[in-house]
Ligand SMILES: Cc1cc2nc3c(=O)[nH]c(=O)nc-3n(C[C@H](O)[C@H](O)[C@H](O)COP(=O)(O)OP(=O)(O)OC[C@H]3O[C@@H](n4cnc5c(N)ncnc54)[C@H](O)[C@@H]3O)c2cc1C
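Just the one chain here, the form predicted on its own, laid out as structure tokens.
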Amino acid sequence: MVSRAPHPADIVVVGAGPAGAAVALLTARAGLRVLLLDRREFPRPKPCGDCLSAAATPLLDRLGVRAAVEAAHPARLAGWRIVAPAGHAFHGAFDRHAAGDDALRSALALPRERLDAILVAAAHDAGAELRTGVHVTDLLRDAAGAVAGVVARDARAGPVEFRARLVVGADGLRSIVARRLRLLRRPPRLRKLSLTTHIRGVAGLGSLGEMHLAAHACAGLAPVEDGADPLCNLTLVVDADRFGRDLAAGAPAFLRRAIGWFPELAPRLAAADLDAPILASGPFDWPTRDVAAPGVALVGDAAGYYDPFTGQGIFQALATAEIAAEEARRCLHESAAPPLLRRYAARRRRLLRGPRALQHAIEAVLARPALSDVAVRRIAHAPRFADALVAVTGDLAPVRTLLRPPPLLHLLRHAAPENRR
């Protein structure tokens, strides 16, 4: 027998990751009745690179959770270092684009287990009702076909229905909400898989996050807490078509073997404990046809994602959640009809247009090891462009910054034939 919640909510949020928790926090703070659902208990581990963009810090301020995040002893990254397959490398720093704001001079990094628990607790404290152990399986519809709630299986109460004026799908890459709405545009074309683990004992750590490139693979390394021997996030991303069968035979053995593909990285991990749990994720290329329909909106990875290389996922989840919460409040206050968050969709599209174009351009370079060697070598000789590129991927500057005269001319000068060595 299906039980029904006695009182409909204003908003049901499906998924309590950063995007869902942020929507729940902001709409509950505005006085709306919010129900936040997730299959898992919190805190819980999550496969992720764990690094926030430098521009995420003001977002944490607006959410009211920055103090709690900083109390969790995050690492502070001054920028990023990129190492090409042939060993060429460049680095870029955030501080040149911080515009005098100390909060933007570094990016915070901490395990998702800690970050997500902080955001969920903040949403609950703001007045959102949190229910874990709830697996949403379908959507409820009204007489006109608009979404009017969700159908779920509660681990404690069995089948249950939750009615709401608005459903927010924040349930990740394989979103049930997006699938039930048939909003997925196509299966993934960019078939990448990731393995994430947390280790200590990494030699040669500095204040920069690191990305190491190899043929059809990359490895990200970054501290995710402060201290002398910090916990570090190690994430390996590989081409699923080339390595999927090897990976399926055993993730720990595959990870150990793959570390040898990165000559600069492998010796520094010799003393690290690589027996920590490994979390897998991917593929990441799940485009959607739309992110809004009558009575429903998609946020975070549920709204479509592409490639995690630039590390902007958490920032984009929080930034688009902020937009969704603002437009949800407006729609629910102005209309009794099932809300259609068209302004949210348009604002989200404007926000992500440039970063997504850059992601595609970077992937086109990474897919060709010889080209990535050339690109990294030239950027290494153009530090203004390197800083601008890191600032763009840190969400401190728009993509068009890369086309402005100082950084672009600096790069082109080192692309001239006489500088090719």
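Heads up: residue numbers just count along the shown sequence, starting at 1. Small disclaimer: the values here were computed from a predicted structure and weren't measured.
A second form of this protein, the form predicted together with the named molecule, is not displayed here; the remarks below concern that form.
Colleague: May I ask whether G20, G300 and P308 each come within 4.5 Å of the named molecule in the model of the complex, counting any non-hydrogen atom?
Modeller: Affirmative, all three are within 4.5 Å.
Colleague: Which one, I379, C48, L26, V69, lies within 4.5 Å of the named molecule in the model of the complex by heavy atoms?
Modeller: Exactly one residue meets the criterion: C48.
Colleague: Here the chain is shown alone; which of I314, V238, V202, L221 has a heavy atom within 4.5 Å of the named molecule in the model of the complex?
Modeller: Of the candidates I314, V238, V202, L221, I314 is the one lying within 4.5 Å of the named molecule in the model of the complex.
Colleague: Taking 4.5 angstroms as the heavy atom distance cut-off, pick the stretch from 264 to 272, 82 to 90, 292 to 300, 181 to 189 that is near the named molecule in the model of the complex.
Modeller: Checking each option against the 4.5 Å cut-off leaves 292 to 300.
Colleague: With a cut-off of 4.5 Å between heavy atoms, is L37 one of the residues that contacts the named molecule in the model of the complex?
Modeller: Within the cut-off, so yes.
Colleague: Would you classify R384 as touching the named molecule in the model of the complex, given a 4.5 Å non-hydrogen atom cut-off?
Modeller: Output for R384 is no: heavy atoms all beyond 4.5 Å of the named molecule.
Colleague: Taking heavy atoms only, is F284 within 4.5 angstroms of the named molecule in the model of the complex?
Modeller: It does: once the named molecule is placed as it appears in the model of the complex, F284 has a heavy atom within 4.5 Å of it.
Colleague: Does G172 reach the named molecule in the model of the complex if we count a contact as any heavy atom within 4.5 Å?
Modeller: Because a heavy atom of G172 falls inside 4.5 Å of the named molecule in the model of the complex, the answer is yes.
Colleague: So which bits of 94 to 114 sit within 4.5 Å of the named molecule in the model of the complex, heavy atoms only?
Modeller: Just R112.
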